[in-house]
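Okay, here we've got a single chain as C-alpha cells, the form predicted alone, with questions on binding and movement later.
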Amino acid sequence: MSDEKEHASSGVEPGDTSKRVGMEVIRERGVDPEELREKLVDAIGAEFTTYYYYTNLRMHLAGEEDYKEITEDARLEDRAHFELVVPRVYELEGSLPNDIREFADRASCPDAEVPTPMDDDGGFDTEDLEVEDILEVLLEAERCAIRTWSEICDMTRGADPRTYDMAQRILNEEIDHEAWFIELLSKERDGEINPAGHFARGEPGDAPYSTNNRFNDSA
C-alpha cells in the first residue's frame, strides 16, 4: 500500500503552528478568512449588545408579561448566538476587542435603545413611552440580524461548512424572532391578526437551533 495519502499534507509544513489548515482550505475555496473573521466579530458584537439592550427593553414592557416572556426568549437566544460563534473567531486567528466600547462600536447593527430620552435624574422619561414603540425597536433589531447572518451565509455557502452551519442556525432563530415581533406589533399597534406560529420555548432562551449540546450544567 502506498504511503502517500491524498490529504496527509498540503501547503502547511508538518509541525508548523504559525498556519492553520482550517483557514487555508476555505481560502482555497474562495473565502478570505481574515475578512470573514472580522465580519463575525461585527456580527457577534451586535448579538452581545442586543442582549444588553433587550434587557432594558424587556424591563420597560411593564404590565405586559406575555410580551416580556417573548422578549426574554429573544434576549437569551442572542446571547447564545454570541457564545456559539466566539470560538470560530479564534479558530480564524482573530480575537475579541479588549475594550468593550470598541466591541460595541463595531457591532453590525444599530443600538436597540429604549425609545425615550433620559430624564434629569438619570432614569427614563416614560410619560409618552408606548408598548408599540418598544416592539418596533425589537422588530427592527431582528431584521438587521437577519440581513447580517444572511450575508455570512452567502459568503460561506459551499466554501466554509463550519461557519455556514453556525450562521444558518442563528439565522433560523432570527427569522423566528422577526415573526414573533411582527405578530405582537401588528396586534398592539394596528389591531390586526398576523400570526407568527409562536409558542413558548421549552425553557426561556431555549435556542433550539443555536445552542450546542452542553457538556455540563455551566455550559
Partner chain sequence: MTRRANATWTVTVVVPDESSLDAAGETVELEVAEHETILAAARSAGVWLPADCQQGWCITCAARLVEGDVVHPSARRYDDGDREAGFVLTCTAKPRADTTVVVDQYDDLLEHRADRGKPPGNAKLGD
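Positions refer to the first chain, counted from 1. As the structure is a computational prediction, the values presented were derived from the model and not from experiment.
Just so it is clear, the following notes concern the form predicted together with its partner chain, a form of the same protein that is not shown.
(request) Establish, in the model of the complex, whether Glu65, Glu69 and Ala196 all lie within 4.5 Å of its partner chain, using non-hydrogen atoms for the distance. (result) Not a single listed residue reaches its partner chain in the model of the complex, so no.
(request) Sort through Asp111, Glu83, Glu91, Glu132 and report the residue having a heavy atom within 4.5 Å of its partner chain in the model of the complex. (result) If I apply the 4.5 Å criterion carefully, the residue I get is Asp111.
(message) Is Leu96 part of the interface with its partner chain in the model of the complex - any heavy atom within 4.5 Å?
(response) No, Leu96 sits far enough from its partner chain in the model of the complex that none of its heavy atoms falls within 4.5 Å.
(request) Please run the contact check for Asp42 against its partner chain in the model of the complex: heavy atoms, 4.5 angstroms, yes or no? (result) Flag for Asp42 set to yes.
(message) Since only the chain is shown here, I'm wondering whether Arg106 would be in contact with its partner chain in the model of the complex (any heavy atom pair within 4.5 Å).
(response) Because a heavy atom of Arg106 falls inside 4.5 Å of its partner chain in the model of the complex, the answer is yes.
(request) Examine Leu76 and determine whether its closest non-hydrogen atom to its partner chain in the model of the complex is within 4.5 angstroms. (result) Because no heavy atom of Leu76 falls inside 4.5 Å of its partner chain in the model of the complex, the answer is no.
(message) Please pick out the stretch from 25 to 33, 187 to 195, 146 to 154, 170 to 178 that is in contact with its partner chain in the model of the complex, where contact means heavy atoms within 4.5 Å.
(response) Contact-bearing stretch, as computed: 146 to 154.
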